[in-house]
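Take a look at this one chain, the form predicted on its own, written out in structure tokens.
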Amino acid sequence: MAEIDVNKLQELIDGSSNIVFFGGAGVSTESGIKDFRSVDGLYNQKYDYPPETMLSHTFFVRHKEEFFRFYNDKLLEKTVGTDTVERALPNKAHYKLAELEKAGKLKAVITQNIDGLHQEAGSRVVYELHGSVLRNYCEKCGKSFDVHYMFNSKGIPKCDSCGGDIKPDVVLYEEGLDNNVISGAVNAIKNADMLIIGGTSLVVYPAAGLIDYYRGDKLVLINKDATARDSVADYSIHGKIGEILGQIVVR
């Protein structure tokens, strides 16, 4: 990555006081969490059903035991960590965004990820468009359960109070996004004087459409590969977002 890239990004950040960050799977891949569309992502692994099918509301209802077998193996194992699988930890991107928020420059993180790494790194204002694996609730009585309870459950996780099935607080395919989360994200983007989009191919809607609410003149795209929105960005950088943001000085 050329030094001029970081210098320009640094200049834009230095001149901003209401930054919003919109991030996707690429933010977490540097923490060891696989995305969906890369060469070794979930879409390119062999299962009886495509991941998009197994993570749908219909599949959850009709094939619940198989849903949780896939869900625990592919979405929870890195979050919890095991004797053989190292737990995913926040990376330089997560920590730099938290640092920018603490300095009063960054006002919100909007994420498509469900791993909770932004909060673990210290970010406080986080709009989780697709929910979080860290939150789970009984479909019958509403009792909450943490991710360790889910991961250690055998078969279909059951409520220890009423025996009801437990559902992760994640937005499955066929389910709508939370209206309060969407409203908060839209307002944050509308009020931003700088919008940084990182680690996303901008192909998952309706989430990707949120950037259309930005009206400023400092739209920055940071992604490993080119996106369909590069042409409308005021500045774009191709590279690993952790390596790029890690070089920014907060002042």
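Keep in mind the model is a prediction, meaning the values are calculated, not measured. One-based numbering along the sequence shown.
Separately, the form predicted in complex with nicotinamide-adenine-dinucleotide exists; it is not shown, and the next lines address it.
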Worksheet item: Among 186 to 194, 56 to 64, 27 to 35, 209 to 217, which stretch has residues whose heavy atoms lie within 4.5 Å of nicotinamide-adenine-dinucleotide in the predicted bound form?
Response: 27 to 35
Worksheet entry | One residue of 153, 72, 119, 112 in contact with nicotinamide-adenine-dinucleotide, assessed in the predicted bound form (non-hydrogen atom, 4.5 angstroms) | 112
Worksheet item: With the cut-off set at 4.5 Å between non-hydrogen atoms, does residue 202 touch nicotinamide-adenine-dinucleotide in the predicted bound form?
Response: yes
Worksheet entry | Partner contact for residue 20 in the predicted bound form: nicotinamide-adenine-dinucleotide, 4.5 angstroms, heavy atom | no
Fill in: in the predicted bound form, residue 52 touching nicotinamide-adenine-dinucleotide (heavy atom, 4.5 Å)
no
Discussion item. Is it the case that residue 48, even though its partner is missing from this view, gets within 4.5 Å of nicotinamide-adenine-dinucleotide in the predicted bound form, heavy atoms only?
Written reply: no
Item to complete: Residue by residue through 118 to 134, tell me which have a non-hydrogen atom within 4.5 angstroms of nicotinamide-adenine-dinucleotide in the predicted bound form.
Response: 130
